[in-house]
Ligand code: MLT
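Next up is one chain by itself, shown in structure tokens, the form predicted alone.
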């Protein structure tokens, strides 16, 4: 093979590194540039974060921006698919409430596969996109003991409908809906190699149906190194707030970080596997937080951490990215907006991310290699004696 056609030269140093940086295929929905961040079909997230969710979903699904007429037809198509069958909702409401809600969410997707399955990846993709707000709301309502989930009302808007479906007590839907929309759009997709996307596509490569594949994605997303990181970061900000107080100064924050590092403890919310700049998704959320919740104690601490963290972490030459990632601010932002239930933050992440994963599965199963699809995943493992 000509040298210019070699994308990656494998060495023993690449083994047991989580396939980091090893090319395995194409992603047609999004890309992550180390210095520019996330882009949906070539459009940077800084241009898309304020879009209506279905406008962004159309871009990811069709690979192009929709006209007003096309978006209207797409909205109608999603709306007519949005109501889950009674059997699906009853199945979710029969799940045990013990354990983390992400376990229930994965189980809920499997239940939906029993009753909602079409068997065609493209049709099931559209059905998942349409039904996932009601499924996620049903999981939260049931796990929290907030009561039964009402019928879907897609005419309200994609995330406005989700907000309507939540039966959270004393909910301020007008205040929460914009936050949910922002969170939803910026989390739809993140290239094809993140753990939840890769796992879902790997399961689908064995021709498992869409719902089984997405349930595996949620299992991957549930871990603290992936989707549940937003909970860990929120707990960290809360810990900082408790230690330094709401009137903390930059010097107070810097002192806290240095003491933590000296005690060999983690500083959560900084660094990223790909990015070498502040996560543009985080930048958007920081600006939103400064505009709408500048006096909230958690936001004040999160902004101080954003200011001081990179200065101190960059002193360590081994740290390649000392800048905040998306998880550094989203938990604090959701708390400030009034959604004070961090156990459900990863469910919100999954509600969004399943959209992009489902679209990627459609590509790998129905479009890749001229329509033949990607073969079943079968990476090579070399035998190694443990003695």
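No experiment lies behind these values; they were computed from the predicted model shown. Residue numbers count along the first chain shown, from 1.
Below: the form predicted in complex with the ligand, not depicted.
Within 4.5 Å of the ligand in the predicted complex: all of 226, 281 and 349, by heavy atom? Every residue of the spot touches the ligand in the predicted complex.
May I ask you to check whether residue 143 falls inside a 4.5 Å heavy atom distance of the ligand in the predicted complex? It does not: once the ligand is placed as it appears in the predicted complex, residue 143 has no heavy atom within 4.5 Å of it.
Wondering, does residue 272 line up within 4.5 Å of the ligand in the predicted complex on heavy atoms? Heavy-atom contact with the ligand at 4.5 Å: present for residue 272.
Tell me, yes or no, whether residue 190 is in contact with the ligand in the predicted complex, where a contact means a heavy atom of each within 4.5 Å. Answer yes; at least one heavy atom of residue 190 falls within 4.5 Å of the ligand in the predicted complex.
Residue 194 within 4.5 Å of the ligand in the predicted complex, heavy atoms: It does: once the ligand is placed as it appears in the predicted complex, residue 194 has a heavy atom within 4.5 Å of it.
Could you tell me which of 62-70, 39-47, 336-344, 349-357 sits within 4.5 Å of the ligand in the predicted complex, going by non-hydrogen atoms? This holds for exactly one stretch, 349-357.
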